[in-house]
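One chain comes next, on its own, written out as structure tokens in the form predicted on its own.
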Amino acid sequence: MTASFDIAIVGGGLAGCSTALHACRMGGSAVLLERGRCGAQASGVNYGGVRQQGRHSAELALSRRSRSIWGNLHELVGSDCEFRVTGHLKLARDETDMDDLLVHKAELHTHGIEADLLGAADLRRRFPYVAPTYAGGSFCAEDGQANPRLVAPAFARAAAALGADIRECCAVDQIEVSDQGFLLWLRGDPVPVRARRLVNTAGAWGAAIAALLGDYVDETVMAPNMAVTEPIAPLIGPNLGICGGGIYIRQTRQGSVVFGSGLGVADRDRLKARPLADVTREAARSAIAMVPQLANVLLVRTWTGIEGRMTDGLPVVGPSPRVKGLFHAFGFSGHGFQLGPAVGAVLAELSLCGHSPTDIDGLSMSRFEKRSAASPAAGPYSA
């Protein structure tokens, strides 16, 4: 007998698990189909920053909503996932960066996000461990950090507790679009899953799933190069970033310092990624340049993962331009962790209600418009 659901979700990262949870909270039925384990790809191997500051204007409404969910995490999923409000400090290299931070401060304010602009003297007084080479910075006090390895699985467990059908190690081999919705054939199972709506949160494989259903965008891959040190005494308060990117640093509750810079190597087809020693060494030099007291701290591990990247650096979030009942969220380009909880809430609302109060217009797939006229928009597809 074919199982039938209101929503089928392909991909068990944070956005997909959040979609399942919010759909069940809204009274809908959901099945989540994950090829591996929930949170095992980009959602579980990222830096762990939970920041609103430094985002493109198209993401700010979504980021603001997500921040409210992060603040209610324990009540929502039964764990705080080591979420802490530490603040986020974005450092300015020169006066041009300070001017950019001033403009961004005003933009944040329009979304109800407050940031304090700090001159060089205030920066040294409040954060004396930061190298004295910066012109100033912007501090957003309500930003923070969390443990990415905990978050997506916690959302999956909470969704399952409310009745979601969470299927790990479950690959989708074929998808068919019909007037009644979607049929999904799973590897090794002759009986398809039926759903009225389909949500594509397949991460670095999101564009491939979209293409099977007639939506075409370019999605490359990236492998953010990450490292962590031995535990040290409390030193760094907020997450640290820099205008123009290049290095980001945070200290965990246990004392380890997590930092990242540059890219490793990702093989999307073989589901493999690895950090690069030369990139890690350069990242360590950059970390020491930002926080000189890290010079003699031991590095204990490096890692990376496979992340999807869009050509404009912004994710695709929202309905398909061509296939009714299909919704996408992928290509987060290295900064989707903070957004994930709200992405799921929005996708559940769009799928079950047809609308969401959160503005995501700037993230629409329609901005790319790359459909091939010769390609079908419905029928059987091989995934």
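Here the structure is a predicted model, which is why all the values come from computation and not from measurement. Counting begins at 1, following the sequence as shown.
Just so you know, the form predicted in complex with a small molecule exists too; it's not on screen, but the next bit is about it.
Remark: residue 170 counts among the residues lining the small molecule in the predicted bound form, judged by a heavy atom distance of 4.5 Å or less. Residue 203 belongs to the set of residues with a heavy atom inside 4.5 Å of the small molecule in the predicted bound form. Using a 4.5 Å cutoff between non-hydrogen atoms, residue 338 counts as a contact of the small molecule in the predicted bound form. Contact annotation: residue 35 falls within 4.5 Å of the small molecule in the predicted bound form, judged by heavy atom distances.
Proximity to the small molecule in the predicted bound form, defined as a heavy atom within 4.5 Å, singles out one entry of 76, 183, 247, 209, which is 209. Of the listed positions (351, 46, 53, 66), a single one reaches within 4.5 angstroms of the small molecule by any non-hydrogen atom in the predicted bound form, namely 46. Only one segment in the set 282 to 290, 221 to 229, 98 to 106, 115 to 123 has residues whose heavy atoms sit within 4.5 Å of the small molecule in the predicted bound form; it is 221 to 229.
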